[in-house]
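Quick heads-up: it's one chain on its own, the form predicted alone, in structure tokens.
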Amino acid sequence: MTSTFHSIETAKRSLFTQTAALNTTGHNIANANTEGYTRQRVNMQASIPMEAYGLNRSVSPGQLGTGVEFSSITRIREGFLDGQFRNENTANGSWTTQADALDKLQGIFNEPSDSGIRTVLDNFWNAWSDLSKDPENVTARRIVKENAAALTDALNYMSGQLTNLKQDLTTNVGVKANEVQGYLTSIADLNKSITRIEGLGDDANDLRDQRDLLTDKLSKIINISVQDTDQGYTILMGNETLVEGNEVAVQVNEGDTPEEQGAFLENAFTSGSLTGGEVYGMLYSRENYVNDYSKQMDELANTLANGEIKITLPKGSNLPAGVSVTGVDGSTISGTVAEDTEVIVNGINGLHQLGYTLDGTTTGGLPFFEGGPPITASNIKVNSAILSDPSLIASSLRTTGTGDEEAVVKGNNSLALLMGNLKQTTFLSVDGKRNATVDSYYSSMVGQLGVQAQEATRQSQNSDILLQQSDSSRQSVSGVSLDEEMSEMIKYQHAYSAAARFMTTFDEMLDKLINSTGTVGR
């Protein structure tokens, strides 16, 4: 026989369960704009039915329903979408960082502009051409000196900027290492808390959200893979275990200086464990872009000063005593050149030493540039003697007289003309790998940078789109829809009202039964 108060218990369970559902709906609405929040649902099920009570086995058909109860409150989330989002997040971090580094490199080169290396080079060649029109003009000599100094200053400045960018990237790796260590520590702590709470049979939904959010942010910095185990998340970078259960397996930011703190990630980049994320983008940019352009600028400076060039010495040129050059046919040429002769000299320095200055001596000119060795973009400078005295700029290849009577033809412009024409002359780099004019060499560098920047920007934009698509897919499953929550709220509200009405109805029935039965005739 059914208990008299059985339905009261059924109504009570319904009220409690619908209340829990309404509370969860309210929790979802409250966190609709919370970063990393996953919508939750109350999982309801019919409570365990029972046999009707009786002294003997009941002959009543079926079992008595006992109402409803909720078995759990769970998150609506798909692990596959999490993995997809994190992979796209890692790629986006890498390409965005590379695009940013290349954008800064373009800012350093600053081409085309009125202050870039190309303009400074043009001014340098033009100054020599102007000097060739009046070799004895003091103003023209000062202009050559100033434009040469501007050229070396520009190379020095650009080299310094490249060094600073390289240092910034190294420092940022150390900063990111600290950030990674913080995330790893927090994830390990959350693993511990979640394991403890869920060991008691509860669902640590909000703590799981926090752990997933930290894991998402970590995936932006470095490439990770996540394994969900009984002890919590195990985080790996390549084959390197970073977090296992409630333990952080490695100290990522060990050391005091940014360089020391970034050492672990630097080693991971070298070993191949680090293959994506912002840190990978920084290290890849430093090693493959900044270092490469620094090397190319050093090569440009050294080639300008010492690269092998072929020039034609005009007939009648007199080489200074003790100075000889090699003809293109391999012959050694010295003294007076009987006819136009093509020779090989080592860059502007080598050519300048073939000429004569205005100092009245018949000794050869000084090396025009100095620095090093080897000469690089960071140390190249105009010969300090020439800076102090522009009359030491060689412009002539002619002398008159012999012996003690030999004198420089100061109005001769042969060397200044050759200098001015070097803009169209190919220079063989000191390492023998490049043979191009200085201008075209520099232009190829700028062109290469432009293509690389364009490609990185395109990849960054594509990864942005893919990341947004992944996030949208995930949000379509895990995100809170206020319209849906409002609908759910109304549904649970009606269920609660009906359960309350059921309890009231049964209460009135019991009142009639208890207080009104057997009262006839009183």
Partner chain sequence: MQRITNNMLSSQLLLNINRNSVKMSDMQTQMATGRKINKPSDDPVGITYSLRYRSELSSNEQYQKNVDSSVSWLDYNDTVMSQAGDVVQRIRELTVQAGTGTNPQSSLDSINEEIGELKEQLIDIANSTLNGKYVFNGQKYTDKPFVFPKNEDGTSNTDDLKTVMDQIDQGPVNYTVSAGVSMTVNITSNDVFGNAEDQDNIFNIINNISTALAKGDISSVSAQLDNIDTRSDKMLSVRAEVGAKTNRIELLQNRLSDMETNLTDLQSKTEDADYAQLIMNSQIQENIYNASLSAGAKIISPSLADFLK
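Numbering follows the first chain given and starts at 1. Keep in mind that this is a model prediction, so the values were computed, not measured.
FYI, the form predicted together with the partner chain isn't displayed, but the following is about it.
**Q** Even though the partner chain is not shown here, does Asn164 get within 4.5 Å of it in the model of the complex, heavy atoms only?
**A** Heavy-atom contact with the partner chain at 4.5 Å: absent for Asn164.
**Q** Using a 4.5 angstroms cut-off on non-hydrogen atoms, would Ser129 count as touching the partner chain in the model of the complex?
**A** Contact check for Ser129: yes, within 4.5 Å of the partner chain in the model of the complex.
**Q** With a cut-off of 4.5 Å between heavy atoms, is Asp122 one of the residues that contacts the partner chain in the model of the complex?
**A** Judged by the heavy-atom cut-off of 4.5 Å, Asp122 is in contact with the partner chain in the model of the complex.
**Q** Contact with the partner chain in the model of the complex for Asn239, defined as at least one heavy atom pair within 4.5 Å: yes or no?
**A** No, Asn239 sits far enough from the partner chain in the model of the complex that none of its heavy atoms falls within 4.5 Å.
**Q** Please state whether every one of the three residues Gly79, Arg86 and Asp216 places a non-hydrogen atom within 4.5 angstroms of the partner chain in the model of the complex.
**A** No: no residue has a heavy atom within 4.5 Å of the partner.
**Q** Within 4.5 Å, heavy atoms only, which of Gln45, Gln63, Gln468, Ser497 is in contact with the partner chain in the model of the complex?
**A** Exactly one residue meets the criterion: Gln468.
**Q** Which residue, Gly411, Gly372, Gly182, Gly245, is the contact with the partner chain in the model of the complex, using a 4.5 Å heavy atom cutoff?
**A** Of the listed residues, the single hit is Gly411.
**Q** Just one stretch in 392-400, 226-234, 305-313, 279-287 has heavy atoms within 4.5 Å of the partner chain in the model of the complex, so which one is it?
**A** Going through the listed ranges, the match is 392-400.
**Q** Suppose contact means any heavy atom within 4.5 Å; which members of 481-501 contact the partner chain in the model of the complex?
**A** Contacting residues: Ser481, Leu482, Asp483, Glu484, Met486, Ser487, Ile490.
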